[in-house]
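You are given structure tokens for the same protein chain in two forms, set apart as structure 1 and structure 2.
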Structure 1
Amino acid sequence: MSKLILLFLALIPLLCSSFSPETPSDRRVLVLLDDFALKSSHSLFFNSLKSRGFDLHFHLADDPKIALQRYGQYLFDALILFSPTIERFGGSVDAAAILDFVDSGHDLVVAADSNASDLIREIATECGVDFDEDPAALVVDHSGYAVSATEGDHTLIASDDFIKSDVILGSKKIEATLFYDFSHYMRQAPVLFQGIGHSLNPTNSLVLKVLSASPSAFSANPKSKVTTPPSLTGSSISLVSVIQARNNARILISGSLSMFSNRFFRSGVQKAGSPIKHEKSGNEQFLNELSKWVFHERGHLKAVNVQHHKVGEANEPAIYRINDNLEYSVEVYEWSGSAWEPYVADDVQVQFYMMSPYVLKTLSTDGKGRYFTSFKVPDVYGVFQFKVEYEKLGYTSLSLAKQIPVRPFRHNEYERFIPAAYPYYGAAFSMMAGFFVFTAVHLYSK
């Protein structure tokens, strides 16, 4: 019995290790499925998540017992919706509950598919992504399709139009080593995609196209003749998109559920018109790296230890005087999934701000996470702020503001005698001396 209690006590830290500012990676993930068969047909993706320490809870999407929160506390840190056809979630979950979940800073992965339900489309629309309205439409590409044994209808697309961002897709390029024509090629393996396309809402500035269709793609029903121009064409079709909300919640929206499947992970791929046959599609690496980003294993920044003081002093003053020279420093770290590591960049800037930035300086870094600079307080007094507003593609945004008042010179801090004014002093005193001399002369001249 005592052993059991000891074991329980030892487990408490593990049980409590949920999302927190100190360890921003997600831990508990709710996976909602249409069918438990997905658990085995998509097991490679789920196993990759499990091996990275995620605690996956599988439920059918219409399970009446599912709940995102209990007693006002969220039970999960992230939600994976692999249930494209669901019309109504079971339990208390609905579109509004899912959006509230995101609004409170949690992450979301949505995979739609052909015959995606209105519910999934509504959630996507709320996130700034509009799926093709035609329920029978698929993304078709007659020149960028993946070559397969059967000719098919060219809905299986091999796409390699990735977003150019190492933080979202990982610094290791999606690539395959090939021996072709006696020379050694490194070439990115395309990602297989079969599903519906979406467009990004132009008014939403937070949504990013991660994988886009080729210029020859279009979205239409592959079984019928295209009589009217398709509503979505070319590279404006997004296949996979991500959103980072202003509260740093991250959302992944894909138009294809099958791109997560073992079959696509393991399948070889040869893009039409390309002589290179890749042994393995880029799906596994692409989606694993993307899931690392979505679940905050990468690109999550924190800024700590903001310090400022006058040059030559160590303590932070309560007030600065105009024209003081000051030093400002801040430490920025990036979460690597297991530890905070120094963030190294050359574009972090600090503003000395009162209604508008009076000083804007790029901070220099020592490579160990510390960013510092020194500058002169402007010749303007008032209540200023040290501001760091750092928003970089793929990284969580940093927004620091620290208020500091700036006072003018005291009356005894001015120069007592100004060399340039000596003639004026001389004139004033010579007038006084002249007055004395004149008085004497005037009185005794009679």
Structure 2
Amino acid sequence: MSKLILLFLALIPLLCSSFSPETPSDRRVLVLLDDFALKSSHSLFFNSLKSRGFDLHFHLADDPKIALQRYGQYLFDALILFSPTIERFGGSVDAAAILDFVDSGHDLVVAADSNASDLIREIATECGVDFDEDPAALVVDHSGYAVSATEGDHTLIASDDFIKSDVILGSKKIEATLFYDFSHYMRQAPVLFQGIGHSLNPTNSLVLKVLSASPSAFSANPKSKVTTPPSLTGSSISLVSVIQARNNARILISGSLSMFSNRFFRSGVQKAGSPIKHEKSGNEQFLNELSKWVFHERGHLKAVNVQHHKVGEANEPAIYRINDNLEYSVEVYEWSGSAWEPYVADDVQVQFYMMSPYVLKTLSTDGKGRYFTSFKVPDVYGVFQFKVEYEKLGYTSLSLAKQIPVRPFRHNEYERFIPAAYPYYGAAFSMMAGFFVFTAVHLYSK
């Protein structure tokens, strides 16, 4: 008995520091490596996560002691796979366990490479990403390569085709450089990439290209002559992609492990054909900002304090009557990485729904997180729902539903004389008057 108590006490810190909806980025992260040398060669990326409060646990991918869950509880809230060559994970971890991990709402980062194993490719495929089937293929770009004295095969790419989303990559441009050429404008530092490309499964609408190849790029074996058209060409090649699952779990898939390395973080970059040489590549800022999104430090929404009541009242009724005037409100906040801040937008809508929406209203906001509106209950009785279905690129989805019945007028609640019916009243009485006149004339006239 005492051993069980000690075991429970030992697990308390694990449970307390795990993911919580109230602190979405207070997370324990499992990092699986091919080689412990990656801890030092990719230390800048790992130190960035640690500085933001993440608790990283490093293990070799084939460690027989690793496990994602114990006693039915997940021990980690995010998983980083920097093990592209692994053929089989150790312990109880396998492809199915990792997919279940994501299905349970946890986040995943996968970095592949030119020697990516079938296991890593299988995980990527299940997430909606298909790497080039040729195991020797790399992304080659004879126009958008990075000028380098050591790389002559044009597989070191300088890409600046980023997704246009401030919530995913942040509002600050990637290492912007100001230069003049009759006018001044901002120039983004390219991201260095060397690895394999992938395409997005067209049946999966949840996958987004974050970093794309240029129109002149193609995927092929750089050491052999290209005799057949490459399977992946141009801007259809995705270098880095993200997925936000329907349960709001987030996944990052990269075709290059090197782009996370200290060497690429610190390296200067000059794109072929450009006179500008940047002292530092955009890799560090790009991956740090992207990791903030993947680990829910940005773009994570929550809705609280849903209220509805009749106009002029404060308490929520158990039932509404047709044609009642009502007010609806909800509070929406966004996680900033350290605190919940009011979310401000002009596209949050509520539906008054029964089989289909009878009322669709865009909510007004006070700029402090509160959204509100008022409307009249439709002249239809039944069981309705207040529904908020909010989906916006880069943000976690909100799905709220609150059920309320609507009744018709009681027998003593109808108006005695309805103004709209006065013509019918007049028609009825005029018919009666005409009948009596006709009867009198017919009976008493010759």
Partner chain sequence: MARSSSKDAQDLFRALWSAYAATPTNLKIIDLYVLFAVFTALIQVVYMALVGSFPFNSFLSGVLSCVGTAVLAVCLRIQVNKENKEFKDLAPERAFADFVLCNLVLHLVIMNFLG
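Just so we're on the same page, rigid core means the largest C-alpha set that superposes within 1.5 Å between forms. By convention here, residues take numbers in order along the sequence of structure 1, the first being 1. Remember, predicted model here, so these are calculated numbers, not experimental data.
The form predicted together with its partner chain corresponds to structure 1; structure 2 is the other form. When the change between structures 1 and 2 is described as the motion of two rigid parts, residue 140 sits in the same part as residue 100. Two rigid parts make up the chain, and between structures 1 and 2 the smaller of them rotates against the larger by 22 degrees on C-alpha superposition.
Core superposition places the C-alpha of residue 427 8.2 Å apart between structures 1 and 2.
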